[in-house]
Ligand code: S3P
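Have a look below at one chain only, the form predicted alone, in structure tokens format.
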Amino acid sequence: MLKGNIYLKGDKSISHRIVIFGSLANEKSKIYNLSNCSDVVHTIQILKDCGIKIKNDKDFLSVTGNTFTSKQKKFDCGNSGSTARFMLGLLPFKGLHGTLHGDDSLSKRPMLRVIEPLEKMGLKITNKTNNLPITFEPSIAKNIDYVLNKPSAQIKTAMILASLNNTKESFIKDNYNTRDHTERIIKYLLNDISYKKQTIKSFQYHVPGDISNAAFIIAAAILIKGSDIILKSVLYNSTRLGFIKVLCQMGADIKVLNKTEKQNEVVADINVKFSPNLRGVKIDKSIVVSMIDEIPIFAMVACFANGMTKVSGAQELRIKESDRINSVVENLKNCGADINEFKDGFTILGNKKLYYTNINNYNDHRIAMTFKILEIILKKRIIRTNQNLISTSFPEFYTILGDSYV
């Protein structure tokens, strides 16, 4: 069983953004509880390569910004789509040139979806393809009035970062209600939500615990008999709560405690207990956008619920680190699940006896963690493999599970 209080490192999505805003501030800023996952490390390293002074102190990361200079020609984004897309909205408009590249997985992910709106804002690139590597030139930002045509907070943030280099205001509308951390950071730092050039003063910021990483611990606690945990000071942003809302709809024993607002984000403690009587549920695109990263672990949980679960409107999963619809379906089917794939989702008939077999993680950290949780549930033990892959987003995964398992 899982017991006790659990503290998570900072939310990955916020960590990328807040360290970038530190690079834009006019003096030294201090960031506490920043994620130390490899995705965020790649963002930090690129900023260092561009002349930003970043130092790890004992309790915080210090960032001294507003000095973008670089002789660097190549910028390594690793496996991080956020890093690649954010840097495409940042570096060219800071007068830099170079090439963004990544690992094999990232090099297969689509980039035209962010290139094309950024081109309307003045982005200059020398090789317009749908994949990395991408070489960019110094670019002059233009203001824009734009409505997102893809449910992507990464595209939105890249455009907002570009807009901060023009004195004329841009208007970027998001009808998909994607995660809004960039907008919240701007309002916190500037007391304003205008997308235009403004002076960002030095700041202090404490990153709340990662709600997407919390999902794996929540899933384990729900499915392991006797579990009773409290995840402390976790991000509770309304655009990221789909997983918890759906689990509660399924009958999971989840309570939200001590909800408060800090730095324009909502933070809460989440109490999770073993929940033996889950029931299937139907979810569509209206809820998928708020749990897009949690769909793999949700699918695993649904295998233990009574009745049918159906996921639709999730086609964005096909262009993540892997084709996550296919990755989830093939692996769960091999484990004995009654699951069927279709274009934008899948159906699961729950409560079939599962067993653990060889898993193809498709070099995808969330697929790897999903099936590690299944392994723990079925075998009641933790086998530590795929550590480097899992460190893409959750380096403390095994440590937290080990410390909480009794």
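Bear in mind the structure is a predicted one, so any value in this text is a computation, not a measurement. Note that residue numbering begins at 1 and tracks the sequence as displayed.
Keep in mind that the form predicted in complex with ligand S3P is missing from the display, and what follows is about it.
Only one of 79, 290, 82, 309 lies close to ligand S3P in the predicted complex, with a heavy atom inside 4.5 Å, and it is 82. Shown without its partner, this chain lists 122, 313, 133, 151 as candidates; in the predicted complex, only 151 has a non-hydrogen atom within 4.5 angstroms of ligand S3P. For residue 320, a non-hydrogen atom is located within 4.5 Å of ligand S3P in the predicted complex, even though that partner is not displayed.
The closest heavy atom approach of residue 187 to ligand S3P in the predicted complex falls outside 4.5 Å. Ligand S3P is not shown here, and in the predicted complex it never comes within 4.5 Å of any heavy atom of residue 75. Taking non-hydrogen atoms only, residue 392 never approaches ligand S3P to within 4.5 angstroms in the predicted complex. Only one segment in the set 202-210, 100-108, 153-161, 257-265 has residues whose heavy atoms sit within 4.5 Å of ligand S3P in the predicted complex; it is 153-161. The single residue of 90-124 lying near ligand S3P in the predicted complex is 113, the criterion being any heavy atom within 4.5 Å.
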